[in-house]
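In structure tokens, the next block holds one chain alone, the form predicted alone.
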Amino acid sequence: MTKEKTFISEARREQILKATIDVLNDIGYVKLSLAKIAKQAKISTGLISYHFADKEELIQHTLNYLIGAQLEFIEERVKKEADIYQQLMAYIKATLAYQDEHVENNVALIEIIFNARTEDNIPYYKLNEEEEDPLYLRLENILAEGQRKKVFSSDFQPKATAILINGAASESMLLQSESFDIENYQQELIRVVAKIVK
């Protein structure tokens, strides 16, 4: 396959993935169909089938796309910081910013994780239970490195603390309303985390 064909193919796949995210936002996973995705993308269902074997494969790729987009968004901001404490702060700020700026991705992610099932009727949230979530792993590594460098206290467990921080940050996606003050939430979360790690 030539570079141009590969580029076109990748662009088409991304178009389909974004249309899937839009449809998940509009009608949810239960009513999702290849026909509705094709209509949203303004393409034929045959073209979707050319790029993805079936609905399950499309959903798996959509899930990977969503996780990858969030990880890239956060990593881009974290790697700008040389200081490990500032990396931790950047991680928290970026996670909250992503939740706030990409609500449609969050909705699609929730729809897939809690509603999608494999052909064997296994819920998506139970797949790959042995694999570490890349977001949690990234934060755990920051916390562990801070302890190794003696910048952070040794009085906390990095894995448990990563779960705690990510849980608090992820919860903000469910609090999106006029009365929710994301800036205040961020300040409070940073204040609490600073007390834990210092």
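Numbering starts at 1 and follows the sequence shown. Keep in mind the model is a prediction, meaning the values are calculated, not measured.
Not on display, but discussed next: the form predicted together with the DNA.
Here is the short version: of Leu137, Leu164, Leu47, Ala144, the single residue with a heavy atom within 4.5 Å of the DNA in the model of the complex is Leu47. Here is the short version: of Asp133, Asp54, Glu171, Asp26, the single residue with a heavy atom within 4.5 Å of the DNA in the model of the complex is Asp54.
Annotation: in the model of the complex, residues Arg77, Ala97 and Asn105 none come within 4.5 Å of the DNA through any heavy atom. The closest non-hydrogen atom of Ser33 lies within 4.5 Å of the DNA in the model of the complex. Among residues of the shown chain, Ile43 is one whose heavy atoms approach the DNA to within 4.5 Å in the model of the complex.
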